[in-house]
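Following this are structure 1 and structure 2, which are two forms of one protein chain, each written alone as structure tokens.
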Structure 1
Amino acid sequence: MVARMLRRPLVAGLAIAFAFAAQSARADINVGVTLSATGPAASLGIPEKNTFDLVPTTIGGQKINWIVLDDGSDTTKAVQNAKKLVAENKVDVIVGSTITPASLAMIDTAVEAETPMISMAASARIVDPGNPKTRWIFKTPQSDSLMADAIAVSMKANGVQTMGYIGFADAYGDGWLAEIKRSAQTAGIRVIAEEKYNRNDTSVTGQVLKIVAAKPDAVLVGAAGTPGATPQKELVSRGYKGRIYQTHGVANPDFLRVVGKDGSGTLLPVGPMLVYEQLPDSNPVKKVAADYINKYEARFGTRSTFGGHAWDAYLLLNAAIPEALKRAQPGSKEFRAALRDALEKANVVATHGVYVMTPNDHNGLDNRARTMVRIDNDKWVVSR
């Protein structure tokens, strides 16, 4: 009897030791990131890159290797990066890219590798539930559809009956044109002029002259980053007197710097983190946004909405990884599948809103993720 009693603590101790050894023997979790730190989208990608310098190197007690690559705002390079991360770095999840065309192009790589991907680009097409490939794809920015509705509501409230549109000649611009047409029709607003331009174009005089000649009550610029200033400055220089709207793709300090005084009075929807000080204390996002922005501004200076997209990707992984670890070991097909499943069930208060993911919604944001602001003296001011 005594011998049996002595063996019990010994057996229990060995079980604990073996469990500890198994935990210690786990492989690191590899998170592959591709973003646009250079090229036309650099003003978006740089704050994202900065943010990944702030994220913790452990989640749920497990070491995380953040492998960050620059795709130069180039779709082909983004796909090459994704393939490298999968084949060479054996990543458990991909985060990126910064822009819509690159993110859409990366989907096939993620799906073929059965690796979950969290995009930091806006288009609703990235997580279209009608596309079976998006089962593996998630994203953090507010969808263009959600923000287009906010713009249409604002236009309607400001008496806008006709509008013009000028946007990127790529998937981002095409997506925005489709969404604003839908939203405008619902609001009883007619789109009477449509124009496109390339991200690296230095002049849009021809397109703007056509829009001004149509005399719309308002113009929406469907662009992202500093290239969004090009048509805005041209509209002002050509004497356009109607209201000018931008998308949340320009919500960064570099746009304010480039557009200068020509941006005064511009209206746009943004994520609440950008103006968290102006939010009521009851807003669930305020505390999380303040925590992130205090960290970011202490090290890198002025906040950018795009850094928040990167931080929210981290927050989603911070919630999903501990759940996936209960089912499988990092570095395995089973772990990637478990991580995908955990992301699909995530309910996370983050900097841009509350993410409530479901099998049919891999963005998970609602109206709490948008706030209309006006540019006033180079500042973002909540539009009442």
Structure 2
Amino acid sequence: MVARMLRRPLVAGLAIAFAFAAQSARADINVGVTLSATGPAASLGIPEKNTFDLVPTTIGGQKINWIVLDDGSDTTKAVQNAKKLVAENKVDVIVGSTITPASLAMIDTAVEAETPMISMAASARIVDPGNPKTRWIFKTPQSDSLMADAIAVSMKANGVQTMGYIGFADAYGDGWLAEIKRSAQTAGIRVIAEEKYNRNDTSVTGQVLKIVAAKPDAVLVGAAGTPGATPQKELVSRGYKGRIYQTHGVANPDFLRVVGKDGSGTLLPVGPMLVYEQLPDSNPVKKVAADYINKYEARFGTRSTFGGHAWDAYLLLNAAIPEALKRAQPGSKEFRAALRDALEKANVVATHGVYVMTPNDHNGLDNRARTMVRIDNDKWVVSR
């Protein structure tokens, strides 16, 4: 009885408290970030997390609250984070997550809440223009297809006619296999061996023996981070003499440390920021990348292209938020819609290239977002 008498005033009080909370938060813009600072994708998520320590706390004179959560590379946790950001923090935009499966799973939450989302994961499926839900979704990293084309072009230029593929037995490896098959076909290259391995495998001897037996002119390793070194070292120790290609997923100093001298001569496409010093001054990316990398390296040590994806997400918001502020107040449904519209019209020079967003392309990157590099004495050297 007492409980019943108390219930109504309690509910009313809570409602008023929430109303006040919402009212006081209206002045600021809330940006919710979920990324993978722990778990298997930690080597990608940690530089992203570091980068969000560097971003300014005001954009266009408006205070920005960056709310950064860790999803442990776990899809379920990423969706929980997205729901929490939308429901509790009332965010105006979601940034995240680090990896493709988590980002794909978060799409529904973002769309239901009519909140724009900027993913830091690679797959082109995240912003598939054929899916009406992706109206609300953007992403900063280069799509696999863009990078796969670069590899096929380089292979053709080097006279490669047949290739083998060894990649992760997960969405990353499968995605790359599909893309490289398409690009290779366009370039007239045949894929004659396809093998899978896991990130934590202690040995890839079986797979590599099968590839070497097929005698391809080149081998592409579809892996991210230091695990990419495992098949590469095995190929070298089995006396494979053809060219070895890697994906941009391995473009970090740890890969160079682990692969050591067995990495020499390996070719891979990367975002231009990794080798910005070697770019001509006429390249607009050079100045933006130098600015970010100087800030990052002063505090956290060696640069990471994954941190660049996070910084690019900030640069997109930096361009879009002032536009959206002209149309609506932060915290409202109208502001989120205005922000989405502004992101779709963004034309931003960033660390990984130049983003020219259109309703049909929510990634907006073109050939300016890729550079072929060769590993030469533990250094990345711009190549063909």
Partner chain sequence: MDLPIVALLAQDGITNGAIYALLALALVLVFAVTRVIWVPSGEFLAYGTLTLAGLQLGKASGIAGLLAGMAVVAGAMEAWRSIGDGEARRLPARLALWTGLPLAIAAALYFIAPLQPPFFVQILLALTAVTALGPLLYRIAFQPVAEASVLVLLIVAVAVHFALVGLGLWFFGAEGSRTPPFTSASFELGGVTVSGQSVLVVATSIALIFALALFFNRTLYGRALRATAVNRVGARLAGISPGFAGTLTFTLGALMCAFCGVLIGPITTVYYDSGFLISLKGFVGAIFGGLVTYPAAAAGSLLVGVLESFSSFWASAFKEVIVFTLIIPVLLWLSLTTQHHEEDE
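Start at 1 and count along the sequence of structure 1; that gives the residue numbers used here. In this text, all values refer to a predicted model and were calculated from it rather than measured experimentally. Just so we're on the same page, rigid core means the largest C-alpha set that superposes within 1.5 Å between forms.
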property	result
Panel number for the form predicted on its own	1
Domain assignment check, rigid parts between structure 1 and structure 2, P253 and T75	no
Interdomain rotation between structure 1 and structure 2 (smaller rigid part versus larger, whole °)	9
After superposing on the core, C-alpha shift for N198 between structure 1 and structure 2 in angstrom	4.1
Core-aligned CA shift between structure 1 and structure 2 for L235 (Å)	3.4
